[in-house]
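Only one chain comes next, encoded as structure tokens, the form predicted on its own.
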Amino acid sequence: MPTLLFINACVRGRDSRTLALAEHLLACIKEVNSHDMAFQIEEIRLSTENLLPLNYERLLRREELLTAGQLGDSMFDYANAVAQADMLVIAAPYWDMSFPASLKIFFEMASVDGITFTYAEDSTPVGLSVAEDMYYVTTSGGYIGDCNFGFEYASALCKLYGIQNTHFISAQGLDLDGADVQAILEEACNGEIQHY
């Protein structure tokens, strides 16, 4: 059964508008694949994970494990999950021009030479992930415009991992005076998500 890895970087739990948008996308994916073998959805909820950025001690430990070929160590759980998933869905609210810090730490732990990518003899990167598609879902109080650094960062990393098709789904302007939040969310759902 193919696996869909849902990386949930939403901070506000059930009050998260980004989560609502992402859950609609997941429902669309399930519906489209209902006649074939359905995706098994595996969620990593970053707000409940013990996320620690790499310090010197942890970096040394990671290098020791890689040198010993111990790629199944729990330190590489995120990297292995990304490498083995058939599709990625990332839900991340638009914060400080990008996304919450928990997602940066997740990417730091998922970016492992020998698991999610490697290098060819000519030093060009080679992606090792099996997924072909990543969907990045976000919502914002204002308009993102040219400052779409969260998606651009996630997209670049996914391409390093070998995931070539990256998709941006957003509902923007939700906190502006007079905004019809429900209508904006529905438009995002019926427009950008419908193409899946």
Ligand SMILES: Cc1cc2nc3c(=O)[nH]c(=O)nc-3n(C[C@H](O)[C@H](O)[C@H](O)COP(=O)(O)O)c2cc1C
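Owing to the predicted nature of the structure, the values given are computational and were not obtained by experimental measurement. Heads up: residue numbers just count along the shown sequence, starting at 1.
As for the form predicted together with this ligand, it is not shown, yet the points below apply to it.
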If we define contact as a non-hydrogen atom of the residue within 4.5 angstroms of the partner, is Asp113 a contact of this ligand in the predicted bound form? no
(message) Is Leu174 near this ligand? Define near as a heavy atom within 4.5 Å, in the predicted bound form.
(response) yes
**OP:** Although this ligand is absent from this view, report whether Asp180 comes within 4.5 Å of it in the predicted bound form, heavy atoms only.
**Re:** no
Looking in the predicted bound form, any heavy atom of Tyr94 within 4.5 Å of this ligand? yes
For this ligand in the predicted bound form, the stretch among 23-31, 155-163, 45-53, 138-146 with residues bearing a heavy atom within 4.5 Å is 138-146
